[in-house]
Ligand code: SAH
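Single chain ahead, written as structure tokens, the form predicted on its own.
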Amino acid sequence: MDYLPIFMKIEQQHCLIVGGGAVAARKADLFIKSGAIVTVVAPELGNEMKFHLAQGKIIWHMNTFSTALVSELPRPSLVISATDDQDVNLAVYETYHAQSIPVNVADQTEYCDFILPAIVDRAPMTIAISTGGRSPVLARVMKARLETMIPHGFSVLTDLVGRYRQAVKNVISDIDGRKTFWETLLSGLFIDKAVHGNTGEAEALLEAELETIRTNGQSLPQGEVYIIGAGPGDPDLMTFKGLRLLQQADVILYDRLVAPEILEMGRREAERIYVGKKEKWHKIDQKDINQMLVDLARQGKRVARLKGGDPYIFGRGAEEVELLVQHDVPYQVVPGITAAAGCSVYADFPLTHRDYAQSVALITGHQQAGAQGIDYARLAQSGDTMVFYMGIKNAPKIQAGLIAHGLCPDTPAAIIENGTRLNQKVTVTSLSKLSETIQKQSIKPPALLVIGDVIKVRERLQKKSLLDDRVPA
């Protein structure tokens, strides 16, 4: 390491900033947030520093720094010089470095006893990122990525854990036992409740775990199930919450439509079980998948059930959750971007448009035995944009039913194969030629069928779409 990372307590300690510009103001802001008493030496102040002054957060000495001025200033714990005058910066460094007071000269690592990292602030949790002064921009890029990955609720979580630290120590005397307790608690439902502000529920979970240990001693961790919508295909459409829970899982059950790249986002040591279904080839029946979730959770496993699209839109997620509820298995459901939303965007047309469609109908084109038939009469007269999931095989019936009930044969139809993926293919035709087009183009599932006048917008949008370079149409 070029620098030893240390978090220093400077609350109510004097710190000195030399310079009144924007860079100096940003450094002063860090001192202020840390509770320091901040003195600023500068002949004039920029707007940001004036704002600090107006709020009474800094003490301003309206001077250019000189060694003669040092005796008038309180002895600082830390010093930062951020001026455009190299002679001033050097004088600041030499003056305070000689007194063994740490100095930082902005953007000049050769005159830095310490450096300020990029910070992800989830106080009391603080994450610091440093490149050893080589590339502040790269540090900020990494900060931006972490900002999106770490919910702001981690501040609540950190505070809650801190308040219970002694209580846990009172119940669990050995260090290894406490480590196991916290690792188990912080990788399950507790962390999600706390992060999303449900502190009462989080505390109840923690108290229940402690009471169990008081009564019975420590035991195997309780299993949980995460029903996660993996989105329509593009790994970048996975939600942050889904990714976070996926990376906690001990076992991953995944469908045929889950992209391999998403599967790779899980922990390397997690067990992966394929439970996908194909027509006329069901590797595992749905009832067996439901029971598998229960059985794995009872073994103390954290189980991620990855489902293409959204788990509650033709995903049978509710059937899986129903059995979990019956067996008192803790669970979470994470919505995913459903195929209708993702595929239409990547195919360059909206699902609603004020000139063409004010509503959308999501319809399953795959009819199970005994299921009620599609209401073609209502759909044909509704003006809806119609999105048929699993409708390629039954396209002739869909085409005939809509035309028979009055939908114009010239209504546009789009077939989106492998939606949102690199090999996406979009075929636009008319309702009257739908079945013929599917047969001639040898279109096979997975493919989404969209019918409606809103597809006419595609030609206008495609001329400007940035997705054209990514996904062939």
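A quick note: this is a predicted structure, and the numbers were derived from the prediction, not measured. Each residue number is its position in the shown sequence, starting from 1.
The same protein has a further form, the form predicted together with the named molecule, not shown here; the description that follows concerns it.
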From V41, M49, I416, L434: within 4.5 Å of the named molecule in the predicted bound form by heavy atoms is I416
Only hit among D384, D250, D310, D192 for heavy atom within 4.5 Å of the named molecule in the predicted bound form is D310
*Three residues, T338, Y389 and A447; all within 4.5 Å of the named molecule in the predicted bound form via heavy atoms?*
yes
Among 106-114, 266-274, 137-145, 313-321, the stretch whose residues bring a heavy atom within 4.5 Å of the named molecule in the predicted bound form is 313-321
* Is L293 one of the residues lying within 4.5 Å of the named molecule in the predicted bound form, judged by heavy atom distances? -> no
> Any of the heavy atoms of V79 lying within 4.5 Å of the named molecule in the predicted bound form?
Replying inline: no
Check: If you check in the predicted bound form, is G242 within 4.5 Å of the named molecule, heavy atoms only?
Finding: no
| said: in the predicted bound form, is there a heavy atom of the named molecule that lies within 4.5 Å of any heavy atom of R421, even though the partner is absent here? | reply: yes
Within 222-237, the residues having any heavy atom within 4.5 Å of the named molecule in the predicted bound form are P232
